[in-house]
Ligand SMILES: NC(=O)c1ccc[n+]([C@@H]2O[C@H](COP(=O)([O-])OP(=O)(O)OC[C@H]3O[C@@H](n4cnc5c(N)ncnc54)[C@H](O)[C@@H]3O)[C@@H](O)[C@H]2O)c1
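Just the one chain here, the form predicted alone, laid out as structure tokens.
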Amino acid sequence: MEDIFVSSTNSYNILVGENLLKKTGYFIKQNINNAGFNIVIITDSLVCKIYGGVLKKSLMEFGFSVFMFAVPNKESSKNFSCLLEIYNFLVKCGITKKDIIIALGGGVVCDISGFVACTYLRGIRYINIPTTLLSQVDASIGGKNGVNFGNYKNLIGTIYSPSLIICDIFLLKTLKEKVFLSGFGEVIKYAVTFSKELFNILCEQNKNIYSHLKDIIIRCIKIKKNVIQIDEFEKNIRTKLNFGHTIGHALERYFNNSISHGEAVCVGMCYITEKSVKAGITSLYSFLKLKNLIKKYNLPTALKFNVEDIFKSVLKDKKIFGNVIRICVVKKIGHSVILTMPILKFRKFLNM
């Protein structure tokens, strides 16, 4: 098992290995001081059926009283109606500042659980147990959380760090192939923006990707850890982690969440890189390398959409500051930069 320490406003450990879920009770006792008697597991309807019982048993073995709340297994669960249901549940369970929330699920569960933990009683502790590749390498780390509003992704949210993250690679084996591969959208993001070495590893992998998965996940986690420790609240370098996301989030809205987050990010990365090639920022060679790697993992590189509609969605993006927007572009594989440009210039950029 790998134990990665993240130094932030509220420092925490990330445990990475196999068959860790059934040891969760032990890990809580070892890593969280003065843990309360009650634990609320927030999960989704699908994950609950597969892993809810295993987690509950582990916690009860160490003397915790366990309550479980399952949201529907879909992006639209990140809404205020669902939040109110969870708050009511916490009140009925008598949850106090000393108790703990555990998020057991993918990005949706991590996002909504973190937001609940941050806002309930002005903040209680929470633990992320991500069950998808996407959430293990990205969504569970760094404390970003939130809910969607008016079909705009994560428009309402906070940055509030978990107390512990448990990445059990074994949990990924029950994912459908499409859901599993979607996570490589985020993995490729890390590679193309920060690590040529990781990019080359992904290019060289054969079909037995599971044999290399732990190494890939750890590399991604360490990249994000290093970024967070420099810029926890996204004042500068953390914006690079949004590569492909400004367009990607707009695409998710445009297609009414019929495409996955990983798919949308891949199209977003390709679209923004194609434009940066035309602007003379990125080499054509790097763009082609990116497209070929995305195709290798059976993810899309392009979709048909109305650019003006995408631009209108971008106007509600979190990277907009007044009349300017900050975006990440890749100069070459493993090296990225942040551009700040006026909104109207960005509109022209999208239409190049």
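Bear in mind the structure is a predicted one, so any value in this text is a computation, not a measurement. Residue positions are given as counts along the sequence shown, with the first one as 1.
Keep in mind that the form predicted in complex with this ligand is missing from the display, and what follows is about it.
- With the partner removed from view, the residue among 119, 73, 229, 96 that has a non-hydrogen atom within 4.5 Å of this ligand in the predicted bound form turns out to be 73.
- None of 113, 193, 161, 132 but one reaches within 4.5 angstroms of this ligand in the predicted bound form through a heavy atom, and that residue is 132.
- Remark: residue 224 counts among the residues lining this ligand in the predicted bound form, judged by a heavy atom distance of 4.5 Å or less.
- Under a 4.5 angstroms non-hydrogen atom cutoff, this ligand in the predicted bound form lacks residue 151 among its neighbouring residues.
- The closest heavy atom approach of residue 174 to this ligand in the predicted bound form falls within 4.5 Å.
- At the 4.5 Å threshold, heavy atoms of residue 179 reach this ligand in the predicted bound form.
- Residues within 4.5 angstroms of this ligand in the predicted bound form, judged by any non-hydrogen atom, belong to 135 to 143 and to none of the other stretches in 267 to 275, 194 to 202, 135 to 143, 212 to 220.
- For the partner-free chain shown, 44, 46, 47, 50, 51 of 40 to 61 come within 4.5 angstroms of this ligand in the predicted bound form, judged by any non-hydrogen atom.
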